[in-house]
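Here we start with a single chain on its own, the form predicted on its own, put down as structure tokens.
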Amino acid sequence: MSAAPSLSGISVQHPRSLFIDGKWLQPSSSNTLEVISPVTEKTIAIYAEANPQDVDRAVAAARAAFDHGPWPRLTPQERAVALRQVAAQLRSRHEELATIWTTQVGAPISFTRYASAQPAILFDYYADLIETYRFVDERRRADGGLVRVVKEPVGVCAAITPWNAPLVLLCYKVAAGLAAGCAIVSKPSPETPMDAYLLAECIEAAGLPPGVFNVVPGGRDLGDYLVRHRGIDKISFTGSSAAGSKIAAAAAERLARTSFELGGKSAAIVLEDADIGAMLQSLVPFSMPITGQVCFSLTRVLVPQRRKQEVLDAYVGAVRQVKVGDPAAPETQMGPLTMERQLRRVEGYIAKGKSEGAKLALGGSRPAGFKCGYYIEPTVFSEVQSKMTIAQEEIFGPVVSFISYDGIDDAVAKANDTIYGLHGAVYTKDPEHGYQIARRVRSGSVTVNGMIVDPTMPFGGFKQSGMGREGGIEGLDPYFELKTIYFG
């Protein structure tokens, strides 16, 4: 094993400061956050930790920017120019974005170099969109009277993001919110604050007005203070369903606007006619992406009873070839889990699967040769029943459950037999048949023959996988309030 990914290519300028009102300010306390390498288990960076007084400052700055500043009052075309400047800044620091992601999370550099293009894509996409978006819809009443239905920015938004894909998930919120004319207070995860700092530097370099974007890193208590703050008009949260439920309850006390992208337990339905070789090309990488730490991972594989051993053997054979190693090495396909608590969580679920009667077909232990780091083998269970814990709960690790079914109705019922409904897949040689099955799956998105998440298309979930959508025009709409203006 080599050392943790080098920080030499990362130029975050003000880790001990907070970005508030367009300036790098000293925090109100000396509290700090440690970024721990998932490879070496050692501290690799130290950042400022915000406290409630800092949140007050950030919200006040965002309120001033929204209530009195130029940003919401610019034309959509003027905001589009600024958003494209942010995109250009992000694009110029692409290698840094990838290195930061790999360093903090342990995601392989081959993946982060590819996926780190998305933040700039999102800013460019929303810049393009608002230039043609209908902010005013002129209508006529039945008596011929004039009505204008106007979309106005919702206000000051709290953007609360998790640690697994920190910058991509933040930019879904920030690009859309800024495009609408909102001001943002970002609370990144305490384990992965680097990305929000880099975005703040890009926004600063792009010359956006003070206060439209602010960064206050901290833990759950700070997040709770932020969502209850009366200066916040809307909360956009990505994370676990349990945390989302608590935020929703807090927001309901004052009827704050909310949108949530939450957990998942996505199913891949393999139909009788599926081409196994073609299927493995997407099922292998997207059943365990970023060591399984992705909400849309295809963690349940539903196979017809007649083909269950054939599909299982092919999948296990392919997963055996996945190279586990140093995430900074270009040949690595799977790195460590991000944190020690994640490792313990995944180990607990593996033990639970075995104790409930599932059969361990692959993995389940620390890989040989890894004396440190939060590593776990790619793990596959067979003979899983739908009501088992590992088939019901989001593990957030490289653990996949094989579940057999008898007939299409049984497959659909088992796919829908969770509290979640985020993503899914159907594998078949007949795409139209796959489409008909996809319509029956209760999830926010489904891919027929593959795995696709496009930032320019809506993404979100049914049931406890969230409310609202991110990406696409549907990801812009939640950042507006509707106003109807009648002409008498």
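None of these values were measured; they are calculated from a predicted model. Numbering starts at 1 and follows the sequence shown.
Below, we refer to the form predicted in complex with nicotinamide-adenine-dinucleotide (NAD), which is not included among the displayed structures.
Is it the case that E261, even though its partner is missing from this view, gets within 4.5 Å of nicotinamide-adenine-dinucleotide (NAD) in the predicted bound form, heavy atoms only? Looking in the predicted bound form, residue contacts with nicotinamide-adenine-dinucleotide (NAD) include E261, since a heavy atom lies within 4.5 Å.
Indicate whether nicotinamide-adenine-dinucleotide (NAD) has at least one heavy atom within 4.5 Å of a heavy atom of I160 in the predicted bound form. I160: contacts nicotinamide-adenine-dinucleotide (NAD) in the predicted bound form.
N164 near nicotinamide-adenine-dinucleotide (NAD) in the predicted bound form, any heavy atom under 4.5 Å? N164: contacts nicotinamide-adenine-dinucleotide (NAD) in the predicted bound form.
Given that nicotinamide-adenine-dinucleotide (NAD) is not shown alongside this chain, does G397 nevertheless sit within 4.5 Å of it in the predicted bound form, heavy atom to heavy atom? It does not: once nicotinamide-adenine-dinucleotide (NAD) is placed as it appears in the predicted bound form, G397 has no heavy atom within 4.5 Å of it.
nicotinamide-adenine-dinucleotide (NAD) isn't shown here, but in the predicted bound form which of G223, G364, G231, P72 has a heavy atom within 4.5 Å of it? Residue within 4.5 Å of the partner: G223.
Let me know the one among V156, A179, L90, C295 whose heavy atoms come within 4.5 Å of nicotinamide-adenine-dinucleotide (NAD) in the predicted bound form, would you? For this set of options, the contacting one is C295.
For the spot marked by V301, K308 and S386, is every residue within 4.5 Å of nicotinamide-adenine-dinucleotide (NAD) in the predicted bound form through some heavy atom? Looking in the predicted bound form, the three residues V301, K308 and S386 all stay beyond 4.5 Å of nicotinamide-adenine-dinucleotide (NAD) (heavy atoms).
Only one of 181 to 189, 103 to 111, 194 to 202, 270 to 278 has heavy atoms within 4.5 Å of nicotinamide-adenine-dinucleotide (NAD) in the predicted bound form; I'd like to know which. Stretch with heavy atoms near the partner: 181 to 189.
Quick one: which residues from 359 to 391 get a non-hydrogen atom within 4.5 Å of nicotinamide-adenine-dinucleotide (NAD) in the predicted bound form? Stretch hits: zero.
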